[in-house]
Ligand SMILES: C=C(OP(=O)(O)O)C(=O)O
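What follows is a single chain, given as structure tokens, in the form predicted alone.
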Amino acid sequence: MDVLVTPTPKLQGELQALSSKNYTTRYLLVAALAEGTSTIYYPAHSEDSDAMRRCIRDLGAVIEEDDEKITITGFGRNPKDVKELDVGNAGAVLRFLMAIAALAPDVTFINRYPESLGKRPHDDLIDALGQIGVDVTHNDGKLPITIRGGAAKGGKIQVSGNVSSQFLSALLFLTPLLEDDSEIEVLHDLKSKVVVGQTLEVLTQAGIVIEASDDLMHYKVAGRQKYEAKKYVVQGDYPGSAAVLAAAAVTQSDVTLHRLEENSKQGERAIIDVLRMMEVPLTHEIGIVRVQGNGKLKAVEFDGDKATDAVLAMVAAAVFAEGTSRFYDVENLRYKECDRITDYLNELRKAGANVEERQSEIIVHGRPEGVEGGVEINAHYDHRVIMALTVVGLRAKQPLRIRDAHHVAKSYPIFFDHLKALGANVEWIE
């Protein structure tokens, strides 16, 4: 389904931030890897987290859920023998479970999204798993992928970190369960170090001990560890909230979001700092962010690798800023659900934005007077692109029609409901 975004001068109201997708998927996984019953309060509901639920259930976890919490009785280091797993379009879920499949005899990850996840490369993780005795059959590094496990013993592992940190996180979930101790060395660069910090935080909460170097490039992992059954509370989600906050920043607004911890380890918490740098009037106290936007923004420069999943929303706000903004060290955006540099900027240009791309940079020449709009644009099946383009549509002079906007459900199924609650003029079109 498409969405028609009609220019909306004013947003007002209060929202509870969605629960964090990243933390939910990690808590679901460590609960499944525990022996015993864990409880997760306020888990996120999105296509990604639902894919993790579905797959760990297929692997043998027993799951019960009500409106407040989910209880999971895990399978420990002994997943059920399943022939196929369907992760949908969830790249992190695929990569985490490719590693966990090393504990099972023979699992094939199927390809239901050939135009999105089906195009994404996983060679770095495939190579790393091969180093510890895991046999992987694949399609030039892409789905479908078959893992023949059961023989992984641990040892010295090298993994590249310059495409995605998810490959490293996958190994960090697996190696504590192996018979032998492991040493992991990250080669080249490590993208999204903040997200690795989230993985390490969750592993520590689950009772796993890992020695990590200060630069997060070297790890020592003792084998034969056990995940502990625990209680977890999922915090509010900054990546999804970034788009709502950007929408408030570019309009006349008085918008309040609850459940956004000031000291969160989510890198996308930087959306608050970036909006302040843009001179957007806001406060952030006791987990509550209030934006009183006046539509006036200043240009910024920002290292996007620190907040990967908020960059597109930041760029959307910068479209209307006075001056030229620069978002650098963002090359890993090219390896997401789509090429979030080339594809996204092409659509921004259609809407009337003045943007340039480099291999690892996005340059935005702001247009405080607004952009023309009045076109149909393609979101490339990417939830972050959909949300960011919606922000632009709110400030355009004419409506924007965003194709296939239902893919926002990958991370934020009620995004448009939330915007409507704030007064945004958005409507679904068959």
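Numbering starts at 1 and runs along the sequence shown. Only a predicted model underlies this, so the values are computations on that prediction, with no experimental measurement involved.
We do not show the form predicted in complex with this ligand, though everything after this point is about it.
This ligand is not shown here, but in the model of the complex it comes within 4.5 Å of a heavy atom of residue 166. In the model of the complex, this ligand sits beyond 4.5 Å of every heavy atom of residue 235.
When this ligand is considered in the model of the complex, residue 89 lines it closely, a heavy atom lying within 4.5 Å. At a distance threshold of 4.5 angstroms between non-hydrogen atoms, residue 122 is out of contact with this ligand in the model of the complex. Per the 4.5 Å heavy atom criterion, this ligand in the model of the complex is contacted by stretch 333 to 341, the sole one of 70 to 78, 333 to 341, 295 to 303, 273 to 281.
Scanning 14 to 51 for heavy atoms within 4.5 Å of this ligand in the model of the complex gives 21, 48 in sequence order.
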